[in-house]
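A single chain comes next, written as structure tokens; it is the form predicted on its own.
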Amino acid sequence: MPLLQVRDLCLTLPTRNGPIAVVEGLSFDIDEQDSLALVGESGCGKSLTALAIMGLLPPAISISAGSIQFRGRELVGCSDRQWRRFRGGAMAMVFQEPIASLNPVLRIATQIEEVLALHGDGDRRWRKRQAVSLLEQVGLPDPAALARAYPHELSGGMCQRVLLAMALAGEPDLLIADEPTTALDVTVQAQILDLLIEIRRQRGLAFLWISHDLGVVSRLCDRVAVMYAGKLVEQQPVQTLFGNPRHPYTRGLMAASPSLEQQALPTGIPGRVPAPEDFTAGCRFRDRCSQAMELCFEDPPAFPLESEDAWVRCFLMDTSATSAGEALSNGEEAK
């Protein structure tokens, strides 16, 4: 049984013209000590997926279909009381903006101790010692002094380490990280990534990493699931995907990422991710794809690839269909 199992997840936003699916038919597994990256441009639904798994969706968005199971326990439909016992313990999350994620009027130790009080079994004295120990484990200097500080007295990188300490306080089996290094400078990003790699090795954590930075993904993750316009379009082991990306969108993301090995400048993908109200039937990437065909107006199935549990949703994988299909230009004709 996978540690986390997501099946046919659909997230819906109500509008005047009826409900709109912002995430549709999402399925993936994360095993014990596994590390999966969910990648794609902004607006593809990555963060909403993470919030759905943690039971933190905004009130306007709801789970209209699908299942989310953790160790075989169904999470969809849990009450707030059930979520409070579970969230932050067996499953924890680190958010994008470290300073915005901390309470500005509470000391650092107090915020860590709140997690320990909910998910630990020690007394107040133990919680104070444990808070300092967690700050030391995430590499903060003089943790006893920092425990008495307020968030505004710390740098962005230090606040991100505090958030990581809070996430680890409940001794989770799964850590969800939603682009936690985005707001940090390059040097601090590298330090946080090294810290996460070491923590994963020591604790045997499973990771769900939300990112658009393929360089980070290549260092931290075992597998990659590529998301576009609310749907998964490709899943492969990280080394296989970087060596041979199959979906045109994945290849576009790779070409848009700067690399020291490439002499040519990165090239962007024409157009942008459509808004949910503009989602259409068929392949949602076809209007931006230079290899679009008439067949792409239909919804492509998941074509299996050579690696285990690897697949891609693109008719280019079906040679019999592509040989009979008529290629379209990436312009008005494709629309």
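So that there is no doubt, residue numbering starts at 1 and follows the sequence shown. Quantities reported herein were computed from a predicted structural model and do not represent experimental measurements.
As for the form predicted together with a small molecule, it is not shown, yet the points below apply to it.
Q: Determine which one of 286-294, 29-37, 58-66, 302-310 lies within 4.5 Å of the small molecule in the predicted complex, judging by heavy atom distances; exactly one does.
A: Looking at the partner contacts, the answer comes out as 58-66.
Q. Should residue 22 be classed as touching the small molecule in the predicted complex when contacts are defined as heavy atoms within 4.5 Å?
A. Residue-level check for residue 22: yes, a contact with the small molecule.
Q.
Is it the case that residue 41, even though its partner is missing from this view, gets within 4.5 Å of the small molecule in the predicted complex, heavy atoms only?
A. Output for residue 41 is yes: heavy atoms within 4.5 Å of the small molecule.
**Q.** Contact label in the predicted complex: residue 47 to the small molecule, heavy atom within 4.5 Å
**A.** Close contact exists here: in the predicted complex, residue 47 approaches the small molecule to within 4.5 Å, heavy atoms only.
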